[in-house]
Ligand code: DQQ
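Only one chain comes next, encoded as structure tokens, the form predicted alone.
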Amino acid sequence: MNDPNGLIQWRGRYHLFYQHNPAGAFWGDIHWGHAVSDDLLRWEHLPIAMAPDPDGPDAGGCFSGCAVVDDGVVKFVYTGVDPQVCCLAAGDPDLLTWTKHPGNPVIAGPPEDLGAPGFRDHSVWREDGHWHQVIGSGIADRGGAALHYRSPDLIDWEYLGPLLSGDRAESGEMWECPDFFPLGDRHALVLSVLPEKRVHYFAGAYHEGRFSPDRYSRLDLGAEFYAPQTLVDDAGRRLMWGWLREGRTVDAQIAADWSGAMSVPRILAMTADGRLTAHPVPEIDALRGRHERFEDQALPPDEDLRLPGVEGDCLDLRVEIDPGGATEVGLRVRCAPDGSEETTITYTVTGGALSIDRRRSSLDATVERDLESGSTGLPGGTPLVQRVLIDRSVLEIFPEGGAPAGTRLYPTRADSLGISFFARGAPACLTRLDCWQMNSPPVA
């Protein structure tokens, strides 16, 4: 599986559609898979929603898109390939059977004068009695672009020009998986940027078709979080899922017999200065099991602190550290007893940067072992308060009020379960730690 698609809460149930290759644990022959949940915890796999039509404009694959409700009918706006075109499909009331529009493609490609490197992935909204959408693309020799279209009926689309375009030296040459939405009194345009393969966003004012951003930032600081999409649920929450790519070779994925995972659903918020922040939905708290709590634990400089009962590969950690005079504080996870495997999460106190060091995360030479870092957006000197979710190969980090990070780990040793805490440069204090062992959700 890869990109989340067509996210919608319909008749009280959460529907997650996603890019899916039914032929194996590798990319190719892209269909839309389908899963449904009542509570965001227990997911039931449903039959494949859409498959390529050998004689249609999606013969090369049903690529990413979104879901909208049009006159009481849920419809997909999605990309067909090859070439890349915009297609439309309508679902039955149970969202199990999908009928592709006979006039597909409804947009036959990008404007020819753009020299676009791609034309795919869709974000659709209703405004002023019309449908609007942005499509991920780029402009030759300039950079990425989100192309803006308007339609009275989801079928006949008028090109309005780029909603936004960028400088390829600053924001890449191709923008994939755009998601444009309001949050508070501002708008955000979330983008998966090529060739960097990282997720960024613009935030700013939007009025009468004009988007005027004043912020450009990383959305997620991890190496494997990509192609996210959002929905607004019945409780009014803006929820986001992202594809957590594999950080290992294709041969390793085939040997494992699976590839790709979804992130934990995140609730998005926007700060007064336009920063997007995220935290896990509270529904996952129901999976918490055995609990350990520690308070006011000294962190001597350049020494690791390990605490009894704090270990595992399915954990929910809430960590509070007063850095004192330390220059860096953090923790190590999935640690082998002899230190041969470990992943280090470091918070730089003065600049508010977060780094994830996977250079010793695994003894397996087929997995990615690197150092990823970026700004959380938190002011320098801020005490560290963060939530860390460990779920086998998945690591998700949520600094309170800052940018999150999602990545993948593949320790080889069964005893790579340790957790430790550290400070560098001067003493610090682990003011509070809550550690929950996480249970698997009941079968749907």
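All residue numbers are counted from 1 along the displayed sequence. Every value quoted in this text rests on a predicted model; they were computed, and no experiment measured them.
The form predicted in complex with the ligand is left out here; the points below concern that form.
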### Query
Out of 99-107, 352-360, 142-150, 115-123, where are the residues with a heavy atom within 4.5 Å of the ligand in the predicted complex?
115-123
### Task
Spell it out for me: taking the ligand in the predicted complex, does every residue among 299, 344 and 421 have a heavy atom no farther than 4.5 Å from it?
no
### One residue of 331, 87, 177, 188 in contact with the ligand, assessed in the predicted complex (non-hydrogen atom, 4.5 angstroms)
177
### Query
Which residue among 226, 211, 157, 202 has a heavy atom within 4.5 angstroms of the ligand in the predicted complex?
226
### Message
How about residue 26 - does it come within 4.5 Å of the ligand in the predicted complex, if we only consider non-hydrogen atoms?
### Response
no
### Task
Look up in the predicted complex whether residue 243 has a non-hydrogen atom within 4.5 angstroms of the ligand, and give yes or no.
yes
### Query
Could you tell me if residue 376 has a non-hydrogen atom within 4.5 Å of the ligand in the predicted complex?
no
### Query
How about residue 30: is it within 4.5 Å of the ligand in the predicted complex, going by heavy atoms?
yes
### Task
Would you mind checking 63-85 for residues with a heavy atom within 4.5 Å of the ligand in the predicted complex?
63, 64
